[in-house]
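Only one chain comes next, encoded as structure tokens, the form predicted on its own.
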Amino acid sequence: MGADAAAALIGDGMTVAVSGFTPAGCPKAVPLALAAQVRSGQRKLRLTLLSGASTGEELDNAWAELGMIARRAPYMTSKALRAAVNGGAEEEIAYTDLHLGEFAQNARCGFYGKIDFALVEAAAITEEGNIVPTTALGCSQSWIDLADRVIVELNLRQPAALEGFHDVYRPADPPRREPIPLTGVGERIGTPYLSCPAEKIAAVVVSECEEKPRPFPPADAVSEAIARNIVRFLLREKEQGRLSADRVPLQSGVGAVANAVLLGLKDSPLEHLSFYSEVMQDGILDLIDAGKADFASATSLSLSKEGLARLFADIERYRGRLVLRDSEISNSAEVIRRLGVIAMNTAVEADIYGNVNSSQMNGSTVYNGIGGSGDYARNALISIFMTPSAAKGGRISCIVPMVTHVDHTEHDVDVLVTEQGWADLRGLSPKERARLIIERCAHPDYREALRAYFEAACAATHGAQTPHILSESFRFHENLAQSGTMREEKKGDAKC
């Protein structure tokens, strides 16, 4: 069926669940056809959109700009979608943020209502009628199982040789769930394809839509310094006998800093690395090519245009080194804890006691969402969070007295890393953590103000375990601006 005819099957008020994950593996032709029908005035649609994580510009961006999304979960990166979620568009979007690892199970338990259509991108359809996914799995199998009807986009731009990269596993739901039988990063426990009853297929749309990966910003001096500090920390752990070998699996988040960490590992003395993560970026190909990484498991290959070309050009060699799993397996608390994963995720800001905000600006404006970082942080052998010490050209400290929104409590943060250094928080009291974070992680321009806040809080609370002056902690930057201690004030601009 053509994309226009398939799009016409989707009606106003429906719930549509799509394949893909940040934004690899997302359907393109049918979403674009649906947007074109709305743009031309043929139709008016308000839909609930569910996905594994963020989607491509053909979905989140195009649909949000046209006011087509009524509800959205569970993660986003689109500027247009972000504006609508935060009240900056005529048609507001009700956005639900949650841990990515629990989304598929929640959907199967009926928490989000009935799913009308699943849109799934495929690299091939086998003779038996099985669906070979493209560069991500996410929640695809759950969407197929739950949806009333399924539209498959057979994308001829995606090589059929992707068959064999995937490991699709259906866990039973509570209270009948048994242990997930995965005990090693490279093991396979499922099938290399998605399965769907033939009677559910509403359409097969052949497309030739090109993948449009988000370009990575080049690594800068700050991200490279953060990467060096993480490598130094890992080397110290090995020297002190807390890491028995280089084979402890690593997890890395998404973005320029995370990719810089992977590149930093390539130049380190660490060898035989393995990865159990939710997303793999270009750095993993560099590690494999350099002989540093033996194997990597994730739910998405979120590569740049150049990285995607590398993968496809040498796909047979990479086949034995990479596996893509369902997101509830890649982000499974059970498996992460069993394997002893070392988690490395990014923060928007962290406070002096180790609490981390990874999703909100000023406590009110959601940026992307919590993503999968919480799945790893709570269950990792070592949970590392990394952030520049200052943002906006140094005008805002990323180390603050109290975060404006808590995604990860101090109990889930073992190590905090900035370009200034790292603070190992394991086994420390709150006041010990505060002193260490201020001296090791805060930007020098903000250390004195942070010291002053901490000492004043200690005095005001008469030595309480976690000293805070609540009325002052939320006015931190305002007070800095008024006192003339902010870097921007020194430049003659008093605006915060």
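Throughout, we count residues from 1 along the sequence that is shown. These figures come from a predicted structure and were not determined experimentally.
Separately, the form predicted in complex with another copy of the chain exists; it is not shown, and the next lines address it.
Of the stretches 310-318, 365-373, 137-145, 155-163, only 365-373 has residues with a heavy atom within 4.5 Å of another copy of the chain in the predicted bound form.
The candidate spot formed by Y75, K79 and P192 lies out of contact with another copy of the chain in the predicted bound form, as no residue has a heavy atom within 4.5 Å of it. For the options R451, H443, R46, K431, the one in contact with another copy of the chain in the predicted bound form, meaning a heavy atom within 4.5 Å, is K431. Here is the short version: of E410, E211, D167, E224, the single residue with a heavy atom within 4.5 Å of another copy of the chain in the predicted bound form is E410.
In the predicted bound form, no heavy atom of Q42 sits within 4.5 Å of another copy of the chain. Heavy atoms of N259 never reach within 4.5 Å of another copy of the chain in the predicted bound form, leaving it off the interface. Mapping the unseen interface onto this chain, T183 counts among the residues with a heavy atom inside 4.5 Å of another copy of the chain in the predicted bound form. When contacts are judged by a 4.5 Å heavy atom cut-off, T404 counts as touching another copy of the chain in the predicted bound form. For the stretch 105-127, the set of residues having any non-hydrogen atom within 4.5 angstroms of another copy of the chain in the predicted bound form comprises Q105, N106, C109, G110, F111, Y112, in sequence order.
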